[in-house]
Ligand code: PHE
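Shown here is one chain on its own, the form predicted on its own, set out as structure tokens.
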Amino acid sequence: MAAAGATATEGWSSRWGFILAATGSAVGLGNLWRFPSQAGENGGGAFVIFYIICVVLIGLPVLLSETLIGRHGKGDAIESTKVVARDSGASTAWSALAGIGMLGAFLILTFYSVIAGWVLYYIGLFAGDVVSSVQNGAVLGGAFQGQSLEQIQDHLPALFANNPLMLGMHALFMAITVYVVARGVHGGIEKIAVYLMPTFFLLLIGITIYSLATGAAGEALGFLFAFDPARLLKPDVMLAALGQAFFSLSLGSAMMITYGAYADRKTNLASTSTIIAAADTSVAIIAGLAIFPIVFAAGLAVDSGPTLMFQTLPASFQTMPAGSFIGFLFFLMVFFAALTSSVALLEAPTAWVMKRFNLARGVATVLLGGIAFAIGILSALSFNLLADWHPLNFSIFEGQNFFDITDTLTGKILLPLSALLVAVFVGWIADKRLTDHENGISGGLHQTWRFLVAWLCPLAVGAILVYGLLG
């Protein structure tokens, strides 16, 4: 085989820096917002069981494959894939898989920042309520005292109706993301991961203990872990769990290829990928344990879907001791998770633009952040002024506004297509001497990984792609 290609100019200072940064890229709104809502809509236990199975059999093999590509190529996602293809005697056109994933990551960032802006808004709401509770001597009381359920749930529609505020929150979050990425891999991305991820885990565990102690723990545990074989075998539940496992690990977005390129040759990618997958899965399940006892205790619907975090949960904090303070900590925790993910979403295209156009990191980051913010304005306005604008009113995009179209395009087409190509590329195209030498596993585990990435992963990810296109 030929030499491995250009060496990345930046890298992680330690294996744990890589693990924390990669875990931060995977742990985000998909764990704290999407997983609980998906679990609620799909009956709890059956969904959770199949979700864990999918992470182990599909998510982890693809995750290892993506980090393998990045670590061998030692460049941006596209360049790394070209290096692996070239060293395998294959066409460099396979780098398209990274280009598709990178485009998906960038488009996700455009609306991810909008949603993260909502998180900033709720941090402000709860912070103000904490101040009010201190002034009124009701620190241990529930949140939003004196407000009705409808008034609390109206905070989100009120934000949607306030364009300057919503765009301001979107701009603030994007600016924070740009600032971190512009500081580089070690000085920005790794540094915030090293500080924010441990803090995030402490907050998550603390809020979960509080939730189980003061909420309806029995109902939540029964809901999340009750085994119902009939629901386990339902195709819609199985596909929902498969999709959640896939998106929760940020697969197909070129992020893990990019982060893998910053890992040194001594890093055992198999064990590192396992830790990342285990941490990501644990966060999703613990998030359910943090949220559902509070929601059950308040007697509110657990199957409220995407509104669970932004309408149902804030209302639930009204009935909980120290609800204002716990609500503030909860949304602060969500912000930490959202930031580490958005940083990874921006880093993947930034690394490519820097090399492709020979730009300084700061220039490339500000340029891409500005474009992402501008496109995100259309997503933000999709909740009011542009709610009835349907620019692609055909096929799976019929009746969808700009926000929904971007979500559908990335989640149902770009990311599954990229991950499918990754599985095919590593399972069938890449030189086995290359992947076998660098994956960090041997014996039966190695043969299992080879079977999964070559056969099961393409079939499963292909099912997600087909289901998304037909659905």
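All residue numbers refer to positions in the sequence shown, first residue = 1. Since we're looking at a predicted model, the values are computed, not measured.
There is also a form predicted together with the named molecule; it is not shown, and the following applies to it.
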| Which one, 401-409, 55-63, 422-430, 26-34, holds residues whose non-hydrogen atoms are within 4.5 Å of the named molecule in the predicted complex? | 26-34
| task | Identify, from the list T272, T350, S341, S382, the residue with a heavy atom within 4.5 Å of the named molecule in the predicted complex. | result | S341
| request: Answer with one of S248, T312, T110, S211: the residue that has a non-hydrogen atom within 4.5 Å of the named molecule in the predicted complex. | output: S248
| query | So in the predicted complex, does M255 come within 4.5 Å of the named molecule, heavy atom to heavy atom? | reply | yes
| field | Residue contact check: I294 to the named molecule in the predicted complex, 4.5 Å heavy atom | value | no
| query | Any of the heavy atoms of A77 lying within 4.5 Å of the named molecule in the predicted complex? | reply | no
| request: Check whether A98 has any heavy atom within 4.5 Å of a heavy atom of the named molecule in the predicted complex, and answer yes or no. | output: no
| query | Can you tell me which residues in 345-369 come within 4.5 angstroms of the named molecule in the predicted complex, by heavy atoms? | reply | L345
